[in-house]
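So this first bit is one chain, no partners, the form predicted alone, shown in structure tokens.
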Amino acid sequence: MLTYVVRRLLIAIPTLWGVVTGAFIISRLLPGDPARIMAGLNATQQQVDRLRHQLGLDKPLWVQYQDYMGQLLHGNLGFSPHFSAPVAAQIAQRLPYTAELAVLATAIAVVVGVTIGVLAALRRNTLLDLILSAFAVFGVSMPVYWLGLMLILIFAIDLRALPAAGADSPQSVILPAVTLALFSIGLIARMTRASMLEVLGQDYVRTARAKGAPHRRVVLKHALRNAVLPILTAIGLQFGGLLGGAVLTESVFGWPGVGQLLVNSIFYRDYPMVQGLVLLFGVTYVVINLLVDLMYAYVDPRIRFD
């Protein structure tokens, strides 16, 4: 197992290098001059040139790339000119909000999605299966920004039951978490249903039923436990995506997480911040995928990593 973990971490190095390089190149391809945006429309060309020199944007592109990679090798994500603060400090300030939102949304999605998927599989081709499957498709297809606005309209404006935006109270996380969880609910429910249907037709499930095992034991121990590997994959990918930054959801609800930070950084052409956030997203996906692979061996003892 230790050898497998080390091998995966070594493989992650070129992956993260590709992510960093891609973010560096794409950020430079965005239209607009960062120095002009930060200096303001009324700034003179001399002031813009002075700011461009301070930011190092007057250097050749390969020199900028070399300087940035040198900073990364020393553990320095750079300095944000827009926020006038180190990139790492800004990310550390915003990341707990996104982590809170992602954990709560994932918990809701797992509980509701797995329950819907199991019920739909057990009642295959019935009216309940049709209703639950339609709900899952609705969740996957619904635009996040539209759903968020509808929830704000109903629960914040009409009912006045929950805050519409911000993170001023514990109730503020409910609407963005539900909005963010709906897509994951649909995906996990569909994956659970498909995996359960495949397992329920296996011989060991029919044998357990023939021996008179209780229905709950057959479903939870014999069926769901053997169907959990694809479900774990879906949950891991969804959690990685949510933790990586729910850009639309955080923007709609004014949630002060890394997703909203990324939007503002792109708007102001804050290259160091954009590059630091993209690197964070890449590291998140690598770590989540590694943890999911390790959970495979824990859930299914037949799996061995040589």
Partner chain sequence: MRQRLLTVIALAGVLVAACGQSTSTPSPSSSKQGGTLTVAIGVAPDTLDPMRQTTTTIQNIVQMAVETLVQVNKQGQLEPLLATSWSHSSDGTTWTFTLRKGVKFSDGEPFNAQAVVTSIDRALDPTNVCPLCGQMPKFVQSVTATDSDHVQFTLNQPVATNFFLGNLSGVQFGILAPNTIQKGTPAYKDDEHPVGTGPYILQEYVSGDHVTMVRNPNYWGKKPAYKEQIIKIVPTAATREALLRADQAQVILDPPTADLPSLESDPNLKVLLAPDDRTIFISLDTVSTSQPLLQKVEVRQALNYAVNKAAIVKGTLYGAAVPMTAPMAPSLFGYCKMPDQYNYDPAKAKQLLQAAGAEGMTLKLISPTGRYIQDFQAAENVASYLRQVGINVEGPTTMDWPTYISTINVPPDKATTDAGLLGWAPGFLDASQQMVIFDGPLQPPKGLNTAYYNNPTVNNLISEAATQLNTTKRAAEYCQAEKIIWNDAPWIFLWVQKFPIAYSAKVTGVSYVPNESFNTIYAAPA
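Values in this document were obtained by computation on a predicted structure and should not be read as measured data. Numbering follows the first chain given and starts at 1.
Only in words, not in the display: the form predicted together with its partner chain, which the text now covers.
In the predicted bound form, do 127, 239 and 296 all put a heavy atom within 4.5 Å of its partner chain?
Looking in the predicted bound form, the three residues 127, 239 and 296 all stay beyond 4.5 Å of its partner chain (heavy atoms).
Name the residue from 57, 279, 69, 38 that puts a heavy atom within 4.5 Å of its partner chain in the predicted bound form.
None of the others qualify; the residue that does is 38.
Considering 152, 87, 116, 235, which brings a non-hydrogen atom within 4.5 Å of its partner chain in the predicted bound form?
Checked against the cut-off, the match is 152.
In the predicted bound form, is there a heavy atom of its partner chain that lies within 4.5 Å of any heavy atom of residue 157, even though the partner is absent here?
Contact check for residue 157: yes, within 4.5 Å of its partner chain in the predicted bound form.
Answer for residue 62 alone: is it within 4.5 Å of its partner chain in the predicted bound form, judged on heavy atom distances?
Heavy-atom contact with its partner chain at 4.5 Å: absent for residue 62.
Is there a heavy atom of residue 83 no more than 4.5 Å from a heavy atom of its partner chain in the predicted bound form?
Yes, contact at 4.5 Å.
I'd like to know whether residue 142 contacts its partner chain in the predicted bound form, with contact meaning heavy atoms within 4.5 angstroms.
Heavy-atom contact with its partner chain at 4.5 Å: absent for residue 142.
Just one of 167 to 175, 98 to 106, 204 to 212, 227 to 235 has heavy atoms within 4.5 Å of its partner chain in the predicted bound form; which?
Heavy atoms within 4.5 Å of its partner chain in the predicted bound form occur in 167 to 175.
Quick one: which residues from 268 to 283 get a non-hydrogen atom within 4.5 Å of its partner chain in the predicted bound form?
Result: 268, 269.
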